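Both blocks below hold the same protein chain, though in two forms, and each is given as structure tokens: structure 1 and structure 2.
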Structure 1
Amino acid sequence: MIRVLLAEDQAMVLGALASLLSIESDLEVVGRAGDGVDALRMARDLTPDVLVTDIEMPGMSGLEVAAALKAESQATRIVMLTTFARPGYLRRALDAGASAYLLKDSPSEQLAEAIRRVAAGGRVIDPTLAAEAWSEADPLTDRERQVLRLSAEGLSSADIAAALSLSDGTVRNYLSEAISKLGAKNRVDAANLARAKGWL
């Protein structure tokens, strides 16, 4: 019997996934978490064989949960289940010790199958996405990412400067650098491109 912990912030989807897995006779859903903090706590308490987790969750992302469990060298194997086919996410997931990266776009039958493979010590990663993930590295520095993120929220250069205690000119330099690295037309375009790659 493979013991599974599910983490997903949309309650409806969480319940539906649980019902999907409960059909499988060799799987047992031992816990459900609605955010990253709960997921980490329950993973420690329950030590499931496999944690199936979303990436984007309030409080703590699935990537952070995975990294935390890895740091504690927990035996729990991790399946990332996400909406986003973003190379940067996959890369960070693997760095954080995940064993599988599954898209919510893929057929529901694949979830149970992936859990079994992972529990048996294997890995499940989409080959095309993997190729993309290694071909192109995130070119942004931390500062550039921060500045870009704030500008995507609608802050002006002056606002960003104030928020990060930088000078206005420096913020414009970072933004300009990010725009040029990404081959974008302006800050909005740059933010969109970075988001699509999972770098933001």
Structure 2
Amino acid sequence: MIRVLLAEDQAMVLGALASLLSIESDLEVVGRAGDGVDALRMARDLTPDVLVTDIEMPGMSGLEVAAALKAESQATRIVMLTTFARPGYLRRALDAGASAYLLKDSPSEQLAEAIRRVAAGGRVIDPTLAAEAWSEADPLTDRERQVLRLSAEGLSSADIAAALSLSDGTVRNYLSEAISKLGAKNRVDAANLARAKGWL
């Protein structure tokens, strides 16, 4: 029996996923998390064979959960299930330790099969998306991405500096670097460009 933990912030989608997987005789849903913080806590407590997680969630993203589990050398394998067909997200998911990257509009039987393949040590990635992911590298550093994300949420340079324990000048330097690397007009344009590529 393959033990599966589900992480999805939309309750209806979470319920539907659990119902779909419960039909499979060899899969057991051992937990459901509604945000990234709960997903990480439950993954540590339950040690499932596979975590099926959305990317965008409150508290922590699926990417951050995957990276945390990888850093802790947890044996749980990660399946990213998302609406984002963006190469940047795929690349970051693989870097964070994900073994599969599926789109939510894929047929339901593909998810069950992906879980089985991942649990057996395999990988499942859309080949078209995989080819695109390596065609354009993400130019942002982790810190530039973090600062740009907070800026996109409406925080001022001073607010970002306080949140990240940096100086105001350092935050402005990170924003300036990100704007320059992306060839953007300003921080709003830079955030929009990075988000469109899946780099934010």
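Computed from a prediction, not measured in an experiment: that's the story for all the values here. In this text, rigid core is short for the largest set of C-alphas that superpose within 1.5 Å between two forms. Sequence positions of structure 1, starting at 1, serve as the residue numbers.
Taken from the form predicted alone is structure 2; the remaining one is not. With the core held fixed between the two structures, residue 51 has its Cα displaced by under 2 Å. Superposed on the core, the two forms differ at residue 184: its CA moves 2 Å or more between the two structures.
Superposition on the rigid core between the two structures places the CA atom of residue 39 less than 2 Å from its counterpart.
Structural comparison between the two structures after rigid-core fitting shows the C-alpha of residue 148 displaced 6.3 Å.
Look at residue 195: with the core superposed, its C-alpha moves 2.4 Å between the two structures.
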